[in-house]
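Okay, so here's just one chain, in structure tokens, the form predicted on its own.
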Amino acid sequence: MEHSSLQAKTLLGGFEAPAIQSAHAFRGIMQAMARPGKIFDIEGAEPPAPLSAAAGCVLLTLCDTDTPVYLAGAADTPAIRAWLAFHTGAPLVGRSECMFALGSWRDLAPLSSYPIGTSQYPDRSATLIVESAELTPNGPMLTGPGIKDSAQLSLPDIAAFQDNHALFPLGLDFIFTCANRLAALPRTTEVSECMSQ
């Protein structure tokens, strides 16, 4: 009974209209990357718990048989593994080999264990999908490409993102997900303490 229940959940929760919904989600993800710190709504996926709808959309949109994924901590369950395999075919790998990693900030640590690209191929780096308890436009100050003046985002750490930015053009990119919302923090973004706090 448990096996058939897992099978049923595996088949469900993907995009009902894949061509339209994946295009819409892709546009939302790209807008988020182009406008760091801005929070976007994204919907269409219903992945197994404890994954958020936003994280499910990102996986369905960006992952396929050529994009190795690492599942960290609570995100690494039989149901999520089966769902990801069925809907994307993405191979599951360790931290040092992944293109995408998914989990809570705590479960994804340490950041030094992920690929940051090479001088010849800076794009061969990992993107971390960080499942967050909240996602709000306040917190550390963000500046850089795609941000007019400055922005704010509820980040889990400041020093880690400052260290990551210092690696540019190498480094990691981040997508923060919470319920049906997401925001991005590419390696080009500078993070500092908010002066108004």
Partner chain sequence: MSEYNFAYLDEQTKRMIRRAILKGLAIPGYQVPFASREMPMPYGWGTGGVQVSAAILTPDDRFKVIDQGADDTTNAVSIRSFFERTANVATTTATEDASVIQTRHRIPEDTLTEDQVLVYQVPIPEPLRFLEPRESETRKMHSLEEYGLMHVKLYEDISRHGHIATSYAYPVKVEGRYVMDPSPIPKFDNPKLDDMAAIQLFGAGREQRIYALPPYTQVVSLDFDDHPFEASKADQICGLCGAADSYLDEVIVDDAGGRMFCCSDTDYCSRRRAAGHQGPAFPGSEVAA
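Numbering follows the first chain given and starts at 1. Just so you know, these numbers come straight off a predicted model, no measurement behind them.
Although not depicted, the form predicted in complex with the partner chain is the subject of the following passage.
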- prompt: How about residue 138: is it within 4.5 Å of the partner chain in the predicted complex, going by heavy atoms?
  reply: no
field: Partner proximity in the predicted complex: residue 64 to the partner chain, non-hydrogen atom cutoff 4.5 Å
entry: yes
query: Quick one: does residue 23 come within 4.5 Å of the partner chain in the predicted complex, counting heavy atoms only?
result: yes
- prompt: So in the predicted complex, does residue 146 come within 4.5 Å of the partner chain, heavy atom to heavy atom?
  reply: yes
field: Partner-proximal stretch of 24-32, 152-160, 130-138, 44-52 relative to the partner chain in the predicted complex, 4.5 angstroms, heavy atom
entry: 24-32
message: Since the partner isn't included here, can you check whether the partner chain sits close to all of 70, 86 and 103 in the predicted complex (heavy atom within 4.5 Å for each)?
response: no
task: Between 119-137 and the partner chain in the predicted complex, list the residues on our side with a heavy atom within 4.5 Å.
output: 119, 120, 121, 122, 123, 125, 126, 127
